[in-house]
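Shown here is one chain on its own, the form predicted alone, set out as structure tokens.
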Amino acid sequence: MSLHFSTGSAGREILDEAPEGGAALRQPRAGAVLRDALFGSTLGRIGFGILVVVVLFCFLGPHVYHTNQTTPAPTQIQLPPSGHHWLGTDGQGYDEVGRLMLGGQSALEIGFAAAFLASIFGVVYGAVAGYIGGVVDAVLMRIVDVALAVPGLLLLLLLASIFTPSVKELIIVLTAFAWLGPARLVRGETLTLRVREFVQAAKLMGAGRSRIVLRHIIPNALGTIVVNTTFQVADAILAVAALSFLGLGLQEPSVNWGGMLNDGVDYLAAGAWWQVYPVGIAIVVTVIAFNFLGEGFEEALGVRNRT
């Protein structure tokens, strides 16, 4: 399991020339790129469609398919799939479909939040390091290199064993590791962008460092940032599932897909396949959907670059 990502052609910026104060500055056509990624790419359409279904299932499903997820039902333990329990029940008598919905909610919330926060911090960190350069860049990137040299899963396990994991704490822990990848990627983009004509023009017009970084460097690295963020959501979901599977994830009464797998494995030998296969498929399908969506953005950005 890795908490860091790499991108290919997505690093190329897709830009419109727009004069500002006589200088040819460029801004991303975010709406057009989003449209092409979601609807102009086969992989993007598939990924987006799957994610819509997953989100509706997890967040709207409980309002349609009503189950009791707070009180164990000892008389309904290990029931096979039926008309009353579509995917059977688990070792405590909870309905498996209801558990899948609640587990998906926590997985998506943690994944989106961790990826969003990691992207914000990593992007600003990398842009500042790349634009200032020199000693500042060297020191900041050595910090990143040292952090990358430490096995992420090992530290996650250590932290999870020290603290009682909650949604908030897992978001913080995952963010603390996931920002390293975006920082390196955006720093590389910044080293290229800082010598471009529109950045030099902004400097000649008296723009300060913070304005150049926030208004020109970061927007022009938008392709790398967007693609990377989609992959980070998938990676965070896998990380939470792995921790929960090892018994170091969310604790009762919270539900997570990894914890459901951990509980279901004990009953798999007894033939209770419904406790393992549905949740395993849910994890795989959701992660693939985010990867497809990232590929869709990358393809959209790449196609636009060649035009």
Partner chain sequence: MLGYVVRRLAQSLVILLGLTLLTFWLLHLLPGGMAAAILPPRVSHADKQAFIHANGLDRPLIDQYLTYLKNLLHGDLGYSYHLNQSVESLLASDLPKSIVLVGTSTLIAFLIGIPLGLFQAVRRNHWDDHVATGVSYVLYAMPDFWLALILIDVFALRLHVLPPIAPSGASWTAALHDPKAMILPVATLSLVSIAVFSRYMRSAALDNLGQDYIRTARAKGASLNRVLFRHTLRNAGMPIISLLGLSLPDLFGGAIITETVFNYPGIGLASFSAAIARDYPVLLGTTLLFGFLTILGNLLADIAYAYADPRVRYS
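As the structure is a computational prediction, the values presented were derived from the model and not from experiment. Positions refer to the first chain, counted from 1.
The protein also exists as the form predicted together with its partner chain; that form is not presented, and the subsequent description refers to it.
Proximity to its partner chain in the predicted bound form, taken as a non-hydrogen atom within 4.5 angstroms, holds for one residue of L140, L108, L153, L79, which is L153. Distance criterion of 4.5 Å from any heavy atom to its partner chain in the predicted bound form singles out Y277 from the list F59, Y277, Y65, F48.
Put simply, D145 is close to its partner chain in the predicted bound form: some heavy atom of it is within 4.5 Å. Heavy atoms of L157 reach within 4.5 Å of its partner chain in the predicted bound form, making it an interface residue. Looking at S166, you'd find every heavy atom of it more than 4.5 angstroms from its partner chain in the predicted bound form. Using a 4.5 angstroms limit between non-hydrogen atoms, V265 touches its partner chain in the predicted bound form.
Of all the residues from 276 to 292, those having a non-hydrogen atom no more than 4.5 Å from its partner chain in the predicted bound form are V276, Y277, G280, I281, I283, V284, V287, I288, N291, F292.
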